[in-house]
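The chain below stands alone and is given in C-alpha cells; this is the form predicted on its own.
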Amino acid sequence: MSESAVKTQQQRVNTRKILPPFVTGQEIVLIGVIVVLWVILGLTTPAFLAAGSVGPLLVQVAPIAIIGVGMTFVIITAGIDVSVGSIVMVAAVVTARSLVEFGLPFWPALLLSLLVGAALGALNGVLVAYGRVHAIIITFGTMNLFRFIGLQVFGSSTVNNMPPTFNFFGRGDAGSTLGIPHAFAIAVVITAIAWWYLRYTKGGRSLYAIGGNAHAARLAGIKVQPRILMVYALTGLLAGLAACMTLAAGTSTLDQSVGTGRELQVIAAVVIGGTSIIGGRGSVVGTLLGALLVQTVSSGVVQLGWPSQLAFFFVGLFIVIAVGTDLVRERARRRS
C-alpha cells in the first residue's frame, strides 16, 4: 500500500474516532443543570414555569441556538467568528428598512435577510480561508466594518413603524402552534439537520478532521479552504435568519443596539455545550442546550429580582468551567 493510501486510511480512522457519541457527557450534565435550575426557579418564582414565561424564554433561545449551530461548525474547524452580532445588525436594519420603505412581504424579506447574512459570512470565509490570518483577527476586523455599515444604513436614527411581517417568529398565538414557539421549533429542526450532517455525511466528518489537523486533512484529500469558506457563509446565513427573529421582538421600532453582545451569547452557548475551543470536537445538540442554559440564567436573574450583572457572572463562570474541563480532557487524551 502506498504512503498516500496509508495516510488516507489513517485519516478515515481518526475521523471516526473524533466523532462525538450519540449523547455526550457534557450534554447529560447540561440537561441535569437545566432541570435543577428550572425546578429551583419554579419553586422560588412560580411565574417562571407559567406558559406566559416559558414561551418567551424559548423565543429568546432560538436566535442564539440558530447562530450557534453555524458557530459550532466554525469552532469545530478551529476557527471563530466574533462578527455575528454585527452581521445580525446589518441584516436586521437592511430588512427593516425594506419592510418600511418598500412593503416587502414575508418571503422576499426573509430571503433578503438570508442573502445579506450569507454574503457577509462568505466575506469572512474568503478572508479566513485564503488570507492565512487567524480567524479571530479577521472577524474582529469585519465585526467593526459590518457595524459601521449597519450604522450607515441606520443613518443616525431608528427604524420606526415596522409592520408585523415577521410575527410568525414572535410571541403569542401568531408565533406558536400548540403552545410551541415557531422560532424554537425551527431552531430544533436546524439543530437536528446539523447533527445528522456532522455525523453521517462525508462533508460533516471532514470538518472534524480539519479542526483536528488541517494539514493531515489536506493530505487525505479534503478540500480544506472551500469547506472553511462554507462554514462561515453558513454562519452568516443563520445570522440572517436570527435577524428576522429579532425583528419579531414585539416592537415596531428597531434601534442601533440590535445585535450588540449577540456574539458573546452565541460563543458562550457553543463552549458551554461542549465544543472544544481548540477545534476538532463539538456537538450542535450541546449548543442548543447551552443556549437554553444561557437564557435560563438571564431570565432567572431578572425574575428573582437580582442585579442583571449577575447573569454575566454566572455565564462567565460556566464558560470558565467548560473551557477548563475541555483543557483537562485534552491533556488526558495526549497522555494516553
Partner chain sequence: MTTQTTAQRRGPSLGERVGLFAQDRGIQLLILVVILVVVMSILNGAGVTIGRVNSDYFASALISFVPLALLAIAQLFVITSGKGGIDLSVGSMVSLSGMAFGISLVDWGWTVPAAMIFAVIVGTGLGAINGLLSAYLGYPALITTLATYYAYRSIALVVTDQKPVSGSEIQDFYQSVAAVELPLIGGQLPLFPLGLFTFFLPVAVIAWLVLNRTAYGRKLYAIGTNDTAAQWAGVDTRRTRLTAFMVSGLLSGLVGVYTVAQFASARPDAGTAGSGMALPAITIAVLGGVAITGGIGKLGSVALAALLITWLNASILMLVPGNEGAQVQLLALGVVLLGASLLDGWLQNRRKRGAVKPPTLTAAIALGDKPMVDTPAADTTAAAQGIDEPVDSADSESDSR
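Nothing here was measured: the structure is a model prediction, and the numbers come from that model. Residue numbers count along the first chain shown, from 1. Basically, rigid core = biggest C-alpha set you can superpose within 1.5 Å across the two forms.
Only in words, not in the display: the form predicted together with the partner chain, which the text now covers.
> Sort through Thr246, Ser176, Thr191, Gln265 and report the residue having a heavy atom within 4.5 Å of the partner chain in the predicted bound form.
The residue from Thr246, Ser176, Thr191, Gln265 that makes the contact is Gln265.
> Given that the partner chain is left out here, which of Leu241, Val128, Ala92, Ala183 has a heavy atom within 4.5 Å of it in the predicted bound form?
Here the answer is residue option Val128.
> Tell me whether Phe312, Ile319 and Leu327, taken together, all sit within 4.5 Å of the partner chain in the predicted bound form, counting heavy atoms only.
Result yes, every residue of the spot touches the partner chain.
> Would you mind picking out the stretch of 61-69, 269-277, 282-290, 40-48 that comes within 4.5 angstroms of the partner chain in the predicted bound form, counting non-hydrogen atoms?
After filtering at 4.5 Å, what remains is 269-277.
> Using a 4.5 Å heavy atom cut-off, state whether His215 contacts the partner chain in the predicted bound form.
Output for His215 is yes: heavy atoms within 4.5 Å of the partner chain.
> Might Trp107 be said to contact the partner chain in the predicted bound form, defining contact as any heavy atom within 4.5 Å?
It does not: once the partner chain is placed as it appears in the predicted bound form, Trp107 has no heavy atom within 4.5 Å of it.
> Do Arg227 and the partner chain come within 4.5 Å of each other in the predicted bound form, heavy atoms counted?
Close contact is absent here: in the predicted bound form, Arg227 is far from the partner chain, nothing within 4.5 Å, heavy atoms only.
> Evaluate Val133 for contact with the partner chain in the predicted bound form, applying a 4.5 angstroms cut-off between non-hydrogen atoms, and reply yes or no.
Heavy-atom contact with the partner chain at 4.5 Å: present for Val133.
> After a core superposition, would you say Gly324 shifts its C-alpha by at least 2 Å between the shown form and the other one?
Indeed, Gly324 is displaced by 2 Å or more.
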